[in-house]
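Heads up, the chain below is alone and in the form predicted on its own; it's given as structure tokens.
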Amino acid sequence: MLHSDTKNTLVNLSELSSASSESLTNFMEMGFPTNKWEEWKYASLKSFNEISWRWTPETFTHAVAVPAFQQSLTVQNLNGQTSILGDLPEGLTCVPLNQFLNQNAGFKALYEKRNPLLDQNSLYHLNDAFNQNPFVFCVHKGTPLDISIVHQFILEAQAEPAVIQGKIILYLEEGASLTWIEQQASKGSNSTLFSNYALEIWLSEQAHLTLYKDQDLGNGVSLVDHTFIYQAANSQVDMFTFSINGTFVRNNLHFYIEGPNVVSNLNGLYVPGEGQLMDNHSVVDHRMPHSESNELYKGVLLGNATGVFNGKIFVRKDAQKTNAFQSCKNVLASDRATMNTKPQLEIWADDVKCSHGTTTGQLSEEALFYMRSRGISADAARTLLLLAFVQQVIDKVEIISLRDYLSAKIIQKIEQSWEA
């Protein structure tokens, strides 16, 4: 239960508008998730209910360099304050949500009837209370953007525990395409930070989105990421989530397939280390026929890390001719690591092809012996075997500079674990 002092602080925050009241009430009634909630059984935030949080974080004090894979446009959100570096390319606009709804009656109807919650998620209500008028990035009809947009969501250490919220909306009109790279990182150390972030995405007919998430946060930083994707007919999403560092990382990923001939590709790679927990909850909701989803998640667990994967696939009664495949594979690189998996299929249609499966194991002693017998050190052999295991996900990244950047961080993370 949320501490009474916290409730009083939230109710009296001048930064919250009257429009926030319903979402704020929902959060205060539920509080932070605990392990008594089925969807948070292995990823409890019960202790957060007793922390005296700062809800309006201090202004960022350091400049943030754009990443090496940046092309021509960077969107920076520093402790919740958003700015755009560079000029928007032709065919891309950015306006506040209220203005966008007034200008786009069709989208307004979609937005008002949205239902992004299929499980217990008080933290989405919290995010909504603080983000009543987020920015909407709209790619106009028939626009194939030939650059990647980089979104840096960066946190900076605070003098006291702080909650930092953010929200972005992407809307792709008919025939539009976009590559969106999200970098979630932190600066400084020895500070308790909680990032509560939401990304809502709408794809119109024949739109195509490629989405990359690079989650690399410092010790003491917790992240809950809510990503909701709505797909109309003949649209395609290729999504990649790379969870590399963070004391607590929880990804809530929901796909809503609202039209026929939709393709949804979900790829994930998580590498939790000593004292870290990484939790991936995905929902793919097939509501229309002739759609396809492919889900591949791989995890390497180091030290005493904890991993969680809960993947749900719904195939509704009208979603005939659906192909839905889900796979989660994990390697425990330490005897102290723990992995919890729960793949789920709920099928109401009778003409479908669906499968799901999960495996968790350790490195092959036979393969390690073979490599050691050829003069390779034990640590180098383990690193090479783990890289071979995750390469299937890394190789799907089409931007070479981004692929190299992610690979280098993953290699460094694995190699450092042997030194601990």
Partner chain sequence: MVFQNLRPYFCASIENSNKMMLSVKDLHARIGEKEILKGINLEVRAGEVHAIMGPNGSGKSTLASVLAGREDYEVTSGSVDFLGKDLLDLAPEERAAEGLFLAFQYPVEIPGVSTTNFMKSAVNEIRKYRGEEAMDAVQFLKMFKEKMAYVNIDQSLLSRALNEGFSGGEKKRNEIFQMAVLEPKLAILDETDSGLDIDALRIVAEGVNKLKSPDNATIVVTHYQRLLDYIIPDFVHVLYKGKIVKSGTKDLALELEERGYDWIISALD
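Residue numbers count along the first chain shown, from 1. Computed from a predicted model, the values in this text were never measured in an experiment.
Below, we refer to the form predicted together with its partner chain, which is not included among the displayed structures.
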| property | result |
| --- | --- |
| Residue (of L385, C354, I394, M30) lying close to its partner chain in the predicted complex, criterion heavy atoms within 4.5 Å | L385 |
| Interface residue in the predicted complex among I376, I51, L363, V64, criterion: non-hydrogen atom within 4.5 angstroms of its partner chain | I376 |
| Contact test in the predicted complex: K46 vs its partner chain, heavy atoms, 4.5 Å | no |
| Distance check, R372 to its partner chain in the predicted complex, heavy atom within 4.5 Å | yes |
| Contact stretch among 22-30, 37-45, 377-385, 53-61 - heavy atom within 4.5 Å of its partner chain in the predicted complex | 377-385 |
